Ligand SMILES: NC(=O)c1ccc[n+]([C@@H]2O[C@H](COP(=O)([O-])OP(=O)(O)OC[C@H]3O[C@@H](n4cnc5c(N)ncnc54)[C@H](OP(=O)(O)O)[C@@H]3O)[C@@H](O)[C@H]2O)c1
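Before any questions on how it binds or moves, here is one chain, the form predicted alone, in C-alpha cells.
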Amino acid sequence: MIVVTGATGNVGGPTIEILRSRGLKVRGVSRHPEHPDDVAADLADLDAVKAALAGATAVFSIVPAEPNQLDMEKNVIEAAKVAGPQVVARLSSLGANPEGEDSVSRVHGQAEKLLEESGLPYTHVRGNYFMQMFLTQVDTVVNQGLFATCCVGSAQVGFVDTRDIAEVAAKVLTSTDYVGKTLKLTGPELLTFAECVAKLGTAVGKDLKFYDMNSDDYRNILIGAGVSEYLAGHIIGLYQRVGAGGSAVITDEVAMVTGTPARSFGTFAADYADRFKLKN
C-alpha cells in the first residue's frame, strides 16, 4: 500500500493517478478526499495520521504550508515509524536549508533534517518553482490580462512542471534505489517570469502583461484576497529568494529518474491554455 498525503494537491493528485494507472494500491490522505479509496485526516492529529498510514509500504509526505507545518511533519514521521515503510519520500523545496533566510527554505530544511534524523529510509524530492503556480492567477489572467509577482525582477528560474515531479515520485515510491538521496527537480531551461508570461500569452492567443510589484503592495493584495499573514509572508519570501537568483538552477534529474526529458514551459502553456481563456 502506497500512502500519499496531500492527495488533492497539484503534486499528490497526479502522483496518485500515475500509480493507480499502473494497477498499484494507493491510499490518498487529505482533509476532503475525492476518491473512494482515500481517507480524511488532519495531519495535525497524530492518531488520525497513524491510522491513515497503517500498512504503508511507501509514503509520499506532502505537508501544507501552515504555521504548524513542522508539527505535521513530525506526525507523519512518527506515524511512518509505526507503519515501517520501505521508503518515505518527502516533497521539499529546491532551496531547502535549515538556516535559510526565508520561511520556505527554512521550514523545508528543518523538515528534511527531522526526516533524516528519524532513521526512516528517506528520499528528499526537491522541486524548483512550480509551473502550475501560474494557475493560481487564472482569474487575473482571464479578466485583467496580466500576471503579477513581487521582487523577482529579471531573475531566471528553472521552472518545473508538477506532472514531472509526480512521475519522479512514482518511481521513487516503487523502488529502494533512491533511498538516502536528494533529488533536485527542474525544467529544461532558465526563463524569467516575463518570458513565461509571454509564452503563456502566445498559447492563449492574447497579449498578456507581467507586473512585478514591491513586497508591501503584493502583501496587501494577498491579504485582501483572503490569504493568511503567514502564507503571504511565505510567498513573498519565496519570491525574494527567486529575485536573488536562488531558483536559477536547472538539472537533468527528471530525465535521469524517469527516462523522459522534463517538460518545457511552452508545453505547460499549451496544455493549460484553455484554463486561461475567457469562457463564453
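Just so it is clear, the model here is predicted, and its values are computed rather than measured. Numbering starts at 1 and follows the sequence shown.
A second form of this protein, the form predicted together with this ligand, is not displayed here; the remarks below concern that form.
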Partner-contacting position among 65, 244, 54, 249 - heavy atom within 4.5 Å of this ligand in the predicted complex: 65
Residue 114: touches this ligand in the predicted complex, heavy atom cutoff 4.5 angstroms: no
Interface membership of residue 193, this ligand in the predicted complex, 4.5 Å heavy atom rule: no
Proximity of residue 257 to this ligand in the predicted complex, heavy atoms at 4.5 Å: no
Contact test in the predicted complex: residue 31 vs this ligand, heavy atoms, 4.5 Å: yes
Candidate stretches 146-154, 176-184, 193-201, 129-137 - the one whose heavy atoms come within 4.5 Å of this ligand in the predicted complex: 129-137
Triple contact flag 11, 43 and 92 to this ligand in the predicted complex, non-hydrogen atom at 4.5 angstroms: yes
